[in-house]
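Next up: a single chain in structure tokens, the form predicted on its own.
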């Protein structure tokens, strides 16, 4: 695709008059250089993939556990939807619940899309529309698998990505309009639209990451990118410190560039929280990562950052309030999060710096990343000597005296989303023992609800930070920088063993591990499956949390395992938007290894993944709207997602019914016969209560109809072994996953055979599985 023609005329005199400053633009010129034939669904509308969605939903039925029995979306409400009641507009409970899910996914998709649009506009303004895309040189020929699959185009330049975002934005508008009162009412169609929102969310993420990888020089599909420092203890507090928070990296990158221009890269500490930290470390390994989203409060209150720069997403709404408590100027850099600050984008930088340093304003809004770089660096240099690391953390004596004022009313515990026993820790602190508060910090997600409900106004979170001060200063770990895409050659090497089941699965840990022990549990799960020779990948805050635990030898998981996309590898793919590369890897297995036609051929590729690629996503923490849309993008591709802990809080699942034999039948593409293949995978969206339940379920959901007997035996070995170790018994559903006696793990063959006999097991065939009749090669009759 090429840019259109643009004609500028300074002055044109004609018999009709004089025209000045005339500019004509003729759209885009489509230049067809791709030999692959266009598939059936280029730039699909909401309904184009509906038939595929309904096939999936027929097998994996939505299960709703509503938070609220009312609908309050319109002025006719509140409508009671309990039982079989319908609202004033006619909607029922299932329709309302699925509508809320669609709204959440639209918010998530819009957030990534807006991020992608701002990022792309910035990069085009800086490097031009013709700047070539390069996400891995000769190692990555399929540079944008999701774009190729969904849109049917092969982007070559930054400018080519604009058409993709145009499409995504249009679809979000259509999806949002469907949630209006008096439009969609059927829960299945809401759920189909949820899948559509997820698919276009993955498109937006792909656009954002391949654009920044190409233009900013982030790691290009490197299996072993550099190890980066992570943790609260990695910052040299003797230097001025700039903290960046959010997801959109250009302002942070310009801070780093300005530091290098002045030769200050070793004189100022530039560190980050959340996904901006990931991408900044990908941009320049000298940047340091503090930690995940939940660490904002503890780090700001520590007084270490001298200047705080925020961009967009996952930023505390009270960031300015907290920054003012520690006298750190705050610079907002996105029109999506202005924090009520004056827009100083057009003011001279030195004038802005003076106002921040002298405290004339607590913060400013600057929408020019380059100017952010200059203002942040100059302000940090001047503010640091004045602040002397002023912090909002009390000393130990103040903590103990404060704890003595605690009324033991339990309001803090009742308001805590994780039910932490704060009153008991406060009671110990009142006696001079602060260890209980220190332990709580490791379980705390930093929401500060406890402080807001405390009737005597105790700064409880700050008490925890003080109590754990020694441990915090020693927090130093290593994380591998985000690698970006998976190389084509890696896909070729693992494609066959994955599809045949001999590599037992691909496990992707995503999201924010911000429940108590969430971080260590993600690290333990990743370690377990890497040790079992699964392929383990991670993104975002989950990738950070995995890095913050060391084995007995003092190594983090990234130092313990190689970073390649291979059996026993653990790779940090990158920030949230890098999730697109995980979906992209599954798509490339179908395209590169199996040579399935990729271009605008969504149904066939998704059918291949559902039936052959044993991949599972795990989001071990609270689900944001972005996480919901990311998950729904995986569902449409046929990749199950497990969420937890506190599974009951998720309120919706997509569950298969293992006893419903008919729902587990597929076509054998060789004969056209419908064949029972067992519940593989059993669920598409499953909420687990505990880490143990998640681990057993992960192993089970990696089974696919196409597994060879050897591959199925390997997968069953892991499933049975984990079930026995964690639950103490043989799983009672093993007979559902044994198709022939060759599937049975040899070491437990006699035991399994006895179980099969008790269940009246019958041998079945191993088909060439598909849900799509048009893929049957031999038609009967």
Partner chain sequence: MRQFEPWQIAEVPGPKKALLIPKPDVAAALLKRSRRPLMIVGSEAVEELAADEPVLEYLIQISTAGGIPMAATMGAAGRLIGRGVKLAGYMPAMEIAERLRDGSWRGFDGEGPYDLAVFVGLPYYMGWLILSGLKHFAKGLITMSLDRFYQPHATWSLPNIPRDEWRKTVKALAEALEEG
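These figures come from a predicted structure and were not determined experimentally. For the two forms, the rigid core is made up of the largest set of C-alpha atoms that agree within 1.5 Å on superposition. Numbering follows the first chain given and starts at 1.
The form predicted in complex with its partner chain exists for this protein as well; it is not shown, and the discussion that follows is about that form.
Peer 1: Based on heavy atom distances of 4.5 Å or less, which listed stretch (569-577, 652-660, 207-215, 538-546) is in contact with its partner chain in the predicted complex?
Peer 2: That would be 652-660.
Peer 1: Would you kindly say which of 459, 516, 705, 223 lies with a heavy atom within 4.5 Å of its partner chain in the predicted complex?
Peer 2: Flagged contact: 516.
Peer 1: Please identify the residue among 493, 345, 443, 453 with any heavy atom within 4.5 Å of its partner chain in the predicted complex.
Peer 2: The residue from 493, 345, 443, 453 that makes the contact is 453.
Peer 1: For a quick test of understanding: in the predicted complex, does each of 52, 163 and 193 have a heavy atom within 4.5 Å of its partner chain?
Peer 2: Result no, not one residue of the spot touches its partner chain.
Peer 1: Answer yes if any heavy atom of residue 69 is within 4.5 Å of a heavy atom of its partner chain in the predicted complex; otherwise answer no.
Peer 2: So residue 69 counts as contacting its partner chain.
Peer 1: In the predicted complex, does residue 322 have a heavy atom within 4.5 Å of its partner chain?
Peer 2: No.
Peer 1: Examine residue 77 and determine whether its closest non-hydrogen atom to its partner chain in the predicted complex is within 4.5 angstroms.
Peer 2: So residue 77 does not count as contacting its partner chain.
Peer 1: Decide whether residue 65 counts as a contact residue for its partner chain in the predicted complex under a heavy atom distance cut-off of 4.5 Å.
Peer 2: Yes.
Peer 1: Which residues from 673-698 come close to its partner chain in the predicted complex, meaning a heavy atom within 4.5 Å?
Peer 2: Residues within 4.5 Å: 682, 683, 686, 687, 688, 689, 690, 693, 696.
Peer 1: With a threshold of 2 Å on the C-alpha, tell me if residue 646 counts as moved between the shown form and the other one once the core is superposed.
Peer 2: It does, since the residue 646 C-alpha is displaced 2 Å or more between the shown form and the other one after the core fit.
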